[in-house]
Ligand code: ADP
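Single chain ahead, by itself, as structure tokens, in the form predicted alone.
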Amino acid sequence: MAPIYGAIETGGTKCICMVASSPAHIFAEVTIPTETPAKTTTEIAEFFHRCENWEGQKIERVGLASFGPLDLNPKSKTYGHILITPKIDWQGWDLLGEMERNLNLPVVLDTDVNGAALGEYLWGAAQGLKNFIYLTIGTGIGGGGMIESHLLHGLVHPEMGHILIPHDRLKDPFPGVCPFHGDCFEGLASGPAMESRWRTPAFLLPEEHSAWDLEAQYIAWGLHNLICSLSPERVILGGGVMQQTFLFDKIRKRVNESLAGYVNSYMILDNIEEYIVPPALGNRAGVLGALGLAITGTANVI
């Protein structure tokens, strides 16, 4: 019988927990509201304790793909802690330590976007690739991915949502919503930025609204920076804003215009519809990526 693993995707509003041996063999799953750290961690632990001997098998380990920012440096005194985050209750929380103590299981931790990237690499739109990025555009903007089949880490971990992009304040006087940088990528193009600028949730804006041309332009400029910096073989765009699927063609067109033929690859020049794509795993990429962390047993080398 195949080993079984636990998976946790912790998000800003909810946490998804799973016990499975593979994406095709999921034995139990639950969604838990993201409340205070202590309450949320307790409820997650209760779920796994109920499943700890699934048909006589014990869970081998748990993969945890979490919102952040996170301290992912194993040599740091605050390794596994959540750092400065808009979710005030969670700032400084020893996420990894508390999960391991409450679950009494080994836990492999990475960011939610690296988790989603790993899920797409193992079972989705990045299969067979060594270099790609996964960008989520929703409540915030975050990015993960791989370089030569290694998940991106570094000094801390990528903060692709906080790169700076062009902002013409005459055409768009909106100051941005990022509490740290104002009009960074996330500050201008996240779901909350759209809602604040247009005074209505993004998903309620009709396709013909001028908001979408502006949004596509901001996303294209963000991708221009990332494509030139990291040279990914594919760009995967997920998150709530990208549920408006008509955005993809707008973004592809503007990426080509912005790059102006400089990145001389047939994937961009002639095949961009297969270069900038939605996640094949949809909104399951994060939790399945957490399962991938558990199965591989590492967030560092694949």
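All residue numbers refer to positions in the sequence shown, first residue = 1. Small disclaimer: the values here were computed from a predicted structure and weren't measured.
Form predicted together with this ligand: not shown, discussed below.
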Q. Looking in the predicted complex, any heavy atom of F180 within 4.5 Å of this ligand?
A. no
Q.
Since only the chain is shown here, I'm wondering whether M99 would be in contact with this ligand in the predicted complex (any heavy atom pair within 4.5 Å).
A. no
Q | 4.5 Å heavy atom contact, P69 and this ligand in the predicted complex | A | no
**Q.** Exercise: V62 in contact with this ligand in the predicted complex, heavy atom 4.5 Å
**A.** no
Q.
Within 4.5 Å, heavy atoms only, one stretch in 73-81, 226-234, 163-171, 190-198 touches this ligand in the predicted complex. Which?
A. 190-198
Q) Can you pick the one in T40, N256, Q57, Q244 that has a heavy atom within 4.5 Å of this ligand in the predicted complex? A) Q244
Q: Let me know which residues along 38-61 have a heavy atom within 4.5 Å of this ligand in the predicted complex, or say none if there are none.
A: none
